[in-house]
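The form predicted on its own is given below as one chain in structure tokens.
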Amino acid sequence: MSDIENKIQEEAKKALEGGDVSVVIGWGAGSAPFKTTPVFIEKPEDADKLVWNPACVNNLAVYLPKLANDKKVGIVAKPCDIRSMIGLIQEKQIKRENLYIIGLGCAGVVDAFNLDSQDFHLQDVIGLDWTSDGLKVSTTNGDYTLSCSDCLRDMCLVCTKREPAIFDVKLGEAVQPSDIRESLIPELAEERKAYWSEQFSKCIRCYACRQVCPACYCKTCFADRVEPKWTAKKATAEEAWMFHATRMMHIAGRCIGCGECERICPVGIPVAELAREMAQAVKDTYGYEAGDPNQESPVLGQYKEEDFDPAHHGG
């Protein structure tokens, strides 16, 4: 057990014993050492089920609109999870006073698909740990060290916000990336259109990207509406365009770039790349970044005289 993992368990146990929270949301051991799963700890004696390692990928903020609506909840959180919480607070989906945040400095988390392409078998992995040289993978046949570029999730390769923006207790230190990965999306308009047409043609409309997103909390999604009917359920490329393009507009200025939509996609559509591009457009146009604790409201909930007007009204 790592020192940070031990401290997480201590903080969770203390919060539950003191009656400060009714439940602590965190990560627990998964079905294999390179996997973890969300856990909901309600008893102090179960706090030792919490883990912290490079496989803690889930953004746990997705559970908060339901669990922290009318009671105080403890949550173990990476910096990207915390930026999601800030967005939910700004949009009045949760209250800051209903959260006890055990914030973690982050070094990025791994992509299991990247581990599967290395010189060892996934079924032989018995442990993952960060070291000063990269990721240490312990297997039944020996130890391996992987560079960050060979094992991190794509969104972690472009993330520089690795310190928790808000917290009640902070554990661990952030490790900034040595290099920032460039976007893989073509720049020319026609090439971009062809690229996304090919990607969206793979969509099976399972809505996993929507279900795993902390920003997608609408009780009735536009994709499920019968009247007005925005998009049909059939899995065609045209309907997939409508779904993904409309969803991107809905999360514009709200997506914090955790990449959960991309991780969960069963057909490998790089949805997070599109969201990342949208976030950059919002930043360039309005100087706004989602998950900023210094903002009182989301970008579409505020107005300034100097805001860019794409329709040039009055001019």
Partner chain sequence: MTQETAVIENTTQEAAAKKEWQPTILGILCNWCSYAGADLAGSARLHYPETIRIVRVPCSGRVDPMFVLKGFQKGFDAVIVLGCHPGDCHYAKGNYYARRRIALVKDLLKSLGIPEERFHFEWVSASEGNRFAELVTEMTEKIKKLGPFEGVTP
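Numbering follows the first chain given and starts at 1. Everything quoted here is computed from the prediction, not taken from an experiment.
Beyond what is shown, the protein has a form predicted in complex with the partner chain; the following relates to that form.
Checked against the partner chain in the predicted bound form, the candidates Q176, S149, S197, Q211 yield a single residue with a heavy atom inside 4.5 Å, and that residue is S197.
Here is the short version: of L67, I264, A32, A281, the single residue with a heavy atom within 4.5 Å of the partner chain in the predicted bound form is A281. When contacts are defined as a non-hydrogen atom within 4.5 Å, all of K193, T231 and Y286 contact the partner chain in the predicted bound form. Residues within 4.5 angstroms of the partner chain in the predicted bound form, judged by any non-hydrogen atom, belong to 269-277 and to none of the other stretches in 33-41, 47-55, 256-264, 269-277. Taking non-hydrogen atoms only, D3 never approaches the partner chain to within 4.5 angstroms in the predicted bound form. Among heavy atoms of G301, some come within 4.5 Å of the partner chain in the predicted bound form.
Although the partner is absent here, Y144 sits far enough away that none of its heavy atoms falls within 4.5 Å of the partner chain in the predicted bound form.
For L157, no non-hydrogen atom is located within 4.5 Å of the partner chain in the predicted bound form, even though that partner is not displayed.
Residues are counted as partner-facing when one of their heavy atoms sits within 4.5 Å of the partner chain in the predicted bound form; in 84-108 not one qualifies.
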